[in-house]
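First comes one chain, alone, set out as structure tokens in the form predicted alone.
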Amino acid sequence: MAHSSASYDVIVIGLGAMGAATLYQLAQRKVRVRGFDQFTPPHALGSSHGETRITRLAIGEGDCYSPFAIRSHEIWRDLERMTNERLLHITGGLVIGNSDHSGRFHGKPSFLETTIRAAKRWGIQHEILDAQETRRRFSQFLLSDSEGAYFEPEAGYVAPEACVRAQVEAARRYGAEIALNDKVIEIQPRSSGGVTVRADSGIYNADQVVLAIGSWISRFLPTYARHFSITRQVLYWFSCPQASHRFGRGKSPVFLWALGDEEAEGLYGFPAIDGDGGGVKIAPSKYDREVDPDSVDRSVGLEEIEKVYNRYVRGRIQFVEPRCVKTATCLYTTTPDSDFVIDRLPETPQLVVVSPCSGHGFKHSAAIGESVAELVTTGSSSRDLRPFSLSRFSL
């Protein structure tokens, strides 16, 4: 091990969605910052991959989230101008649910109703559609007569790998030091203030540490481990011979379908971005089995594919076939109330926890990075972080 005596204002551990955004925002503010990742982001081992992530401005998980989504769109547009790379794609978005608004998604009841309430509160353009109108405008979706939909024209998707890469590289240009394939082994708060970080490459000191390691969070916060549930999620690209016509760019919105199913609360999907041969990406949101992030089974068998198609896709989404073009696995790190954790550790305030984000974090990540940068540099954030406090959990 090559020992180091380097000191920083802030060390960011984990450079996925939240860590990359935080690193970029700190570097932009001329903070002496070093970022660590045990892999080389963007990578496919955590929660920030899979080509597309839904973004929407009215948030059914709680209207307190909308300011983060709105600001994230602005930051991604700024990054696009800086990098000349497309990060944010506006397709429109559907949220489908029972007309009585009883469906759950991401652990939140009345998901459709909360989405509509958030749109009204924050002045987000939207339409409320009944089943007949939804089927007429979007023939790929087979709603029952008891269902309805919310349509948001400014919803769409972001490219997660491109967003992570753009922010890491922008942080580097602003002067951040970045250590990839460098695993952090220990975080030791000092009684006199500050934190010592021991990594494979050496020992480093910082005034503050931002811990943004997603599904590996329990390794460093064992006291809080029982509040974090790690589950395996599978993404499916189902074959669609007429993908460009039925689900192509400009033909299909992103969608969320609140089902209230006993196994999967909902189904979500995207336009076909890779033409007729690339399939249509559709996935259920399931929380059925906890896993270890280092040993999770990333293989997806035919039986699993058939079960998902028959249970969630057949009879709901037209024109896609049971054959799967490809699959990918990712990880959700979920809290008991399905809300985020963005807070200083009460017993160690020089350590800031960012995530877990319960399967719906990427759309907010750019603004969360900005808020965390504000928190560690000024002591407060311009957006309300109180809903994400650790104090809501009992030890």
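Not measured: the values here are computed from a predicted model. In case it trips you up, residue 1 is the first one in the sequence shown, and so on.
Omitted from view is the form predicted together with a small molecule, to which the following refers.
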Counting any non-hydrogen atom inside 4.5 Å, which residue from 27, 357, 342, 58 sits next to the small molecule in the predicted complex? 357
To verify the annotation, which of these, 137, 298, 183, 117, has a non-hydrogen atom within 4.5 Å of the small molecule in the predicted complex? 183
State yes only if every one of 220, 233 and 270 has a non-hydrogen atom within 4.5 Å of the small molecule in the predicted complex; otherwise state no. yes
Touches the small molecule in the predicted complex: residue 13 (any heavy atom, 4.5 Å): yes
In the predicted complex, residue 327 touching the small molecule (heavy atom, 4.5 Å): no
At 4.5 Å between heavy atoms, is residue 66 in contact with the small molecule in the predicted complex? no
Using the partner position in the predicted complex, report whether residue 213 sits within 4.5 Å of the small molecule, counting heavy atoms only. yes
